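Two separate entries follow, structure 1 and structure 2, each one form of the same protein chain as structure tokens.
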Structure 1
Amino acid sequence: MANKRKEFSKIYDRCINKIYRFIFLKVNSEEIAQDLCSETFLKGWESYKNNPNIENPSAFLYRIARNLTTDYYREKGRTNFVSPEIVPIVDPKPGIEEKVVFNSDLDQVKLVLADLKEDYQNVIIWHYLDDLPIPKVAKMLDKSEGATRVTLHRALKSIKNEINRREVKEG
């Protein structure tokens, strides 16, 4: 049992930041993201100690996290998977002008993400933010690599169209 704990501890260390960020981008609340992240790893541990030969532990944890966020919104009766509320990101390194531009761009991306289908959100987060290769993303989505590339392309096209629509509306 001690050996399993040690192995799962390594998985935890490798995945905690990515799983937390994934959940946070979906719920946009530190407290809720922490709770769901803890629950993700608790469920992951329960499964791992009974079956330590899970083929891809990080994909398994992402699947748990995705299911928990879906359940969270289902229980709350919400439909958006990314909240349009913006949590300011404070970075002490850049100057005030860089912060304003960065936060403005981040605000726009979060708002656009909120309007995307769940698969589009997931493929964007996993591929671009978590830097996962297409084959891993495909396994996590239970799709072929080709279908995943198509989903990614459509997600990017949706983002571009939504940003353009918002610019025209504001301009």
Structure 2
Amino acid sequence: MANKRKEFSKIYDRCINKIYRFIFLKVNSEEIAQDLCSETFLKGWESYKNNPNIENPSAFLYRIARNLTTDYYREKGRTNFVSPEIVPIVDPKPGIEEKVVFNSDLDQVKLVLADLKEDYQNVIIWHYLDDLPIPKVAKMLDKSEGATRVTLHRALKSIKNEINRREVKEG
């Protein structure tokens, strides 16, 4: 038991940052990200206790995190994960606060990423932020490498289009 705890503690230390980032980029809220992230690790620990022979703990945690974020959006009645393309911004006139945020390129990218289709989000986060090579990303997405490359390309294009669209709207 003590050993399992020690092992999981190592996994926690190794994965907490990327799982948190993964969730945060999807929900774009510190509070919600913290809730979902702690739930992810709690669930992970419970499964790990019963079966510590998980082949890839990080992929395992990502799966939990994905399920939890999906559940979260389902509960909130949001459907942006279901829709095939980007959900347009609901409020056409962003408040001052949001405007300031929008001025920063980075936050812009962040916001656009948060509104992206789930597969696009995942492939971008895993490949560009977690630096996972395409074959590994493909395995996690349960897709072929070719299909993953296509998804990645489309995801980038989708972000660019959305950024341009928003810039035009603001300008």
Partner chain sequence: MKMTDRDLIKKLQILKDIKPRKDWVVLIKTQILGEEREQFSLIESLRLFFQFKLAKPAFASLIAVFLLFGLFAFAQNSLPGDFLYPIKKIAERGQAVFVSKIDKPQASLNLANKRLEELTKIAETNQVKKLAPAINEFQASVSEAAKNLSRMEATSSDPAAIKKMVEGTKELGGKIQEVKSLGVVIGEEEFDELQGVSDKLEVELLISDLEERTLWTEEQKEILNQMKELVEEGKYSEALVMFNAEFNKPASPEPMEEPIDESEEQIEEPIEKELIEEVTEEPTE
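Predicted model, so just to flag it, every value in this text is computed and none were measured. Counting starts at 1 with the first residue of structure 1 and goes up one by one along its sequence. Take the two forms, find the largest set of C-alpha atoms that superpose within 1.5 Å, and that set is the rigid core.
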{"property": "Selected structure - criterion: the form predicted together with the partner chain", "result": "2"}
{"property": "Per-residue C-alpha change between the two structures, Lys160, threshold 2 Å, rigid core fit", "result": "yes"}
{"property": "Thr70 C-alpha relocation of at least 2 Å between the two structures, rigid core basis", "result": "no"}
{"property": "Ala147: Cα shift of 2 Å or greater between the two structures (core-aligned)", "result": "yes"}
